[in-house]
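Just the one chain here, the form predicted alone, laid out as C-alpha cells.
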Amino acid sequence: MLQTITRIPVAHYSNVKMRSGYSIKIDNKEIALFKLTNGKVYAIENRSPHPKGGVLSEGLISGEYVYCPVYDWKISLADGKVQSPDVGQVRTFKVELENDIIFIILE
C-alpha cells in the first residue's frame, strides 16, 4: 500500500523568531513550531502528554527541549520524549527548509 506524504509550507524561516513557539493548525492537527538559536527548526504536537494537557507552543525553550508551561515537563524537540523522572511522548513532524520557506511533512 502506498503512503501519502504531504509537504505543507507553514512559515518564512527569516520571519520566525528564535526560541519562540508558534501554533500551526493543519487539518485537525495542532502543531508547535520552534526555531532554536543554532538555526534548527522543529515541529511537534502542540499538546503536552500530561494527562491534563498543556499548550507546548507557549513553553520555555532550553537547548533542544521545550518545558511544558503548565506542568514543567521537559520534552525533547528531536524525538518528542518526555525526560525522566516523568514519562510520555508527543508526536514529532519532519521539517524541511527550502528557499527561506519552512515545510512540515505529514505522512
Partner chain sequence: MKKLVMIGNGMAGVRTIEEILKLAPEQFEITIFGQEPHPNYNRIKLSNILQGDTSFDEIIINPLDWYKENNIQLFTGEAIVKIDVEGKRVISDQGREVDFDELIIATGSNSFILPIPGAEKIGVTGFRDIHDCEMMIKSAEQYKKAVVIGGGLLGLEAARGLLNLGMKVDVVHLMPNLMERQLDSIASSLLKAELESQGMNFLMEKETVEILGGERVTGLRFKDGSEVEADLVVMAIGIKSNTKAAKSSGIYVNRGIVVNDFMETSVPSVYAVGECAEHREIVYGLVAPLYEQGKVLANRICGLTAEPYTGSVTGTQLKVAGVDLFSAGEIFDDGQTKSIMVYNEFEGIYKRVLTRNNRIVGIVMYGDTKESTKLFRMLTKKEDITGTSIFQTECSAESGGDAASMPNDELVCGCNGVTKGAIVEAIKTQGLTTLDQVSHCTNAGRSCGRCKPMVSQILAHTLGDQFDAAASQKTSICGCTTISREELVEEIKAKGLTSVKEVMNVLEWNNEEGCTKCRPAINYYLGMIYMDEYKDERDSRLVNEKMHANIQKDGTYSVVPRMYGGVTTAADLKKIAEVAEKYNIPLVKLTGGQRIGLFGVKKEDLPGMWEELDMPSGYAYGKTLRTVKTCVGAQYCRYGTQDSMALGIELEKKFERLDTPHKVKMGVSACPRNCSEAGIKDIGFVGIDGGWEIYVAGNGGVDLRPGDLLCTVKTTEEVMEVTGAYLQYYRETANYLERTSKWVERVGLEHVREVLANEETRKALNERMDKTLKKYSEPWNEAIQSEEIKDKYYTKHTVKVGE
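Residue numbers count along the first chain shown, from 1. Being a predicted model, the structure only gives us computed values, none of them experimental.
Below, we turn to the form predicted in complex with the partner chain, even though it does not appear here.
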Quick one: is Pro49 in contact with the partner chain in the model of the complex, heavy atoms, 4.5 Å cut-off?
-> no
Is Leu97 a contact residue for the partner chain in the model of the complex, using a 4.5 Å heavy atom cut-off?
-> no
Please run the contact check for Glu45 against the partner chain in the model of the complex: heavy atoms, 4.5 angstroms, yes or no?
-> no
Is Asp79 close enough to touch the partner chain in the model of the complex, meaning at least one heavy atom pair within 4.5 Å?
-> no
Counting only heavy atoms, which residues in 58 to 73 are within 4.5 Å of the partner chain in the model of the complex?
-> Glu58, Gly59, Leu60, Ile61, Ser62, Gly63, Tyr67, Pro69, Val70, Tyr71, Asp72
